[in-house]
Ligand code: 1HN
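Take a look at this single chain in structure tokens; it is the form predicted alone.
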Amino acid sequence: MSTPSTGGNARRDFYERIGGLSMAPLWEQLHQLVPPQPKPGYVAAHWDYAQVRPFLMESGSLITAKEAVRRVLILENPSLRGTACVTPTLYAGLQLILPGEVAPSHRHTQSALRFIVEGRGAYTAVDGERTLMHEGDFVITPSWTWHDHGNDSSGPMVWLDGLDIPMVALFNAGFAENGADDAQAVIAPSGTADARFASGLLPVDWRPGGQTSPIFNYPYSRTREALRGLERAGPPDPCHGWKLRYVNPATGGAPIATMGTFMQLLPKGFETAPYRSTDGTVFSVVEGEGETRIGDVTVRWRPRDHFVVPSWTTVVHRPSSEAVLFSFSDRPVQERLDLWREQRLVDA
């Protein structure tokens, strides 16, 4: 039996010939395709709100909310230029609505979250029900639901948009449709969803129609109260402080099937133990100041700042005052696929 030739020229010739049949040798790519551990192809990044805000306000003088459809400045990862991605699976941006404006009604298969960064009194409408928004509120726009936003207040309104755009694009499953009118007809009194689903009770004959939460506004006042209660109940977790996840009250799962959302309280002077997980995570600073070490990078943050922690990158939070951090990631998808992992380096 002859021994296969190992000469470089013979291999190159072989690769060229099989390339004509749209084939390639696995052994040349195996270690990249099946790495021993995750190697994120993107980096930690930080957006200082004091630097970002003037550009947001300037955008308000350049284009109207109606003309733009959504007046948003994308938070694009420096290593993913031209992709509109903050991580390979997530999109993030800061949206501005000025007094008197309406961002016109539309719907799309991409699910969206809104985390209110600045302002109070503007509204979002989802499938015929409006909710007023305040700083720190977490609001969802489920897949394929009609939604528009308006600002009847006297000041600008800014929120963080988080969407699963890259995931939907991966499956080539994106659809979108514009509404007939800028503002959809209001068919349910404000507070209807809360009355039906937000009290730890569900209407007796109601059944979930999907994986998305029937509540679409999670007010910060309730979240902050829950964090304070958790603080009174026991010591902080070494890696997270006091951390809660938002849930769909009907299923106990994430409010949005593709994105997990979290809020954590860090006491003054506390330093979290090194921690990493496979879900790349976007953070929004709600209260307090401090710094976060992300691998070899240190980010110093203040309220309304945003930063991203790449997958499987060690993170350590060091608040200089009591701090509250909101975050979102693709963790629910990884968990459903049995892919999610974490590493708590408490003794490191």
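The shown structure was predicted, so the numbers you read here are calculated from the model rather than taken from an experiment. Just count from 1 along the sequence shown to find any residue number.
Just so you know, the form predicted in complex with the named molecule exists too; it's not on screen, but the next bit is about it.
For the candidate spot formed by Lys243, Val299 and Arg318, no residue has a non-hydrogen atom within 4.5 angstroms of the named molecule in the model of the complex. The named molecule in the model of the complex is not approached by Val126, whose heavy atoms all lie more than 4.5 angstroms from it.
Mapping the unseen interface onto this chain, Arg70 counts among the residues with a heavy atom inside 4.5 Å of the named molecule in the model of the complex. Mapping the unseen interface onto this chain, His108 counts among the residues with a heavy atom inside 4.5 Å of the named molecule in the model of the complex. Residue contact check for His149: one or more of its heavy atoms lie within 4.5 Å of the named molecule in the model of the complex.
With the partner omitted from this view, the residue of Ile165, Ala257, Val117, Leu266 that lies near the named molecule in the model of the complex is Ile165 [heavy atom within 4.5 Å]. In summary, among the residues Thr223, Gln95, Thr87, Thr212, the only one with a non-hydrogen atom within 4.5 Å of the named molecule in the model of the complex is Gln95.
Partner contact region in the model of the complex: 157 to 165, out of 177 to 185, 157 to 165, 198 to 206, 128 to 136, criterion any non-hydrogen atom within 4.5 Å of the named molecule.
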